[in-house]
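Coming up is one lone chain in structure tokens, specifically the form predicted on its own.
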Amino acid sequence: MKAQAIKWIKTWEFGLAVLLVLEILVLGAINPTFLNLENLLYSTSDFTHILLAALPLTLIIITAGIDISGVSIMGLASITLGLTWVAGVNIFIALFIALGVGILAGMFNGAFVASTDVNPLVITLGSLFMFAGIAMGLPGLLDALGFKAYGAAGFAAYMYEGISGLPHNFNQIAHGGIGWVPYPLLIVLIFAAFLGIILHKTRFGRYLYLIGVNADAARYSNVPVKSTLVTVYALSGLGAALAGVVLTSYFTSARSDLGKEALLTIITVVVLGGADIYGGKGTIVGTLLAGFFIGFLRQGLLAMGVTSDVVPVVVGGLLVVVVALKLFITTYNQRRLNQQALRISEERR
């Protein structure tokens, strides 16, 4: 038990947990209302969409891949939900249709990544623009195809203005809760637990680490690389679509551009959480802690009067610092291992 505790203390996740506590205490000292537990919990609703997209992205980065199209899938899922609802479908059936669209978008990315040697960054950069274009043009396309919507203007009226007037019970997804715990936070925790079990307790999770370390070796070991990659990108699409649904409920409006500014923050959260951009390393707990750290940092900066234009500069700078720090730690550990190996070799002589 003691050995396990010492091992945990030496992990990246423990360092993040300490930083998170220190951050909350510092922000609380600056603004005492920040230490109010109810306020603290409900403030997470402002950045739960970041966590919902970042958590499954962790699994992709573990495979040495990347998916930057998630922010477009958020908007695509949002406008799909809204358009389906104005066409007369029950709002919660529309919700599941939107999630299905996200899964299909993720599978599209995964199929291309698994079937070609093109860098995942290039593939998902293309789909980033493609999904954004589909989301923007979908209302006009439905009108052209003859589908009917409530109102004389048809679907095209929602192309730029968004879809408001969503049912109250749907809007409660982002604005309701159980006691002091908001529903969006509960959704994040359930999703994180689901992904954590998949990653750390199943054969599928072990496949992800193997692919990240060496995809060719994984193939020779009879790991189903293609189906694994398609599945993990589908999970990323699901997370992004879920984020789009939560954002739609949060703003009480379905729009094709929801979440478009979140890409830098999502990637920062995953990297800060300990995932290695070269693959083979990463945990759900690390990403979850990093998400809370970045989310509270953004809110703290805004509360101190820092403008919203400056906040991305801080987040981007943090990303650079974290990558440099991890590179330094990796180089230092490798040098120490080499020295130990050399010392053992000399002793055996």
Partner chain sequence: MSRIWRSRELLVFLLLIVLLLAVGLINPNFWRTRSLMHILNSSLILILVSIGEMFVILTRGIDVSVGAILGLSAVILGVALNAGVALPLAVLLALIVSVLAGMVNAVGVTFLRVPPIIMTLGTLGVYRGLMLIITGGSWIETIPTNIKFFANWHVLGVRFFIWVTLVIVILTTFLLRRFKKARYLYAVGDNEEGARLMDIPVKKTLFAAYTLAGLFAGIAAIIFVAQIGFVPMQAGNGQELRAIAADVLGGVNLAGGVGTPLSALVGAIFLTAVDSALVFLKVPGYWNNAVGGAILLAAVYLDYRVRMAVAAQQRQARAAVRKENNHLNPSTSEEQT
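Bear in mind the structure is a predicted one, so any value in this text is a computation, not a measurement. Positions refer to the first chain, counted from 1.
Not pictured, yet referred to below: the form predicted together with the partner chain.
Asker: State yes only if every one of 41, 176 and 285 has a non-hydrogen atom within 4.5 Å of the partner chain in the predicted complex; otherwise state no.
Answerer: Not a single residue of the candidate spot has a heavy atom within 4.5 Å of the partner chain in the predicted complex.
Asker: Exactly one stretch in 244-252, 87-95, 185-193, 265-273 has heavy atoms within 4.5 Å of the partner chain in the predicted complex; which is it?
Answerer: Stretch 265-273 is the one.
Asker: Answer with yes or no whether residue 327 is in contact with the partner chain in the predicted complex, where contact means some heavy atom within 4.5 Å.
Answerer: Residue-level check for residue 327: yes, a contact with the partner chain.
Asker: Any chance residue 136 has a heavy atom within 4.5 Å of the partner chain in the predicted complex?
Answerer: Residue 136: yes, in contact with the partner chain in the predicted complex.
Asker: In the predicted complex, is there a heavy atom of the partner chain that lies within 4.5 Å of any heavy atom of residue 320, even though the partner is absent here?
Answerer: Residue 320: contacts the partner chain in the predicted complex.
Asker: If you check in the predicted complex, is residue 310 within 4.5 Å of the partner chain, heavy atoms only?
Answerer: It does: once the partner chain is placed as it appears in the predicted complex, residue 310 has a heavy atom within 4.5 Å of it.
Asker: Exactly one of 258, 123, 105, 163 has a non-hydrogen atom within 4.5 Å of the partner chain in the predicted complex; which residue is it?
Answerer: Contact residue from the list: 123.
Asker: Between 163-190 and the partner chain in the predicted complex, list the residues on our side with a heavy atom within 4.5 Å.
Answerer: Stretch hits: zero.
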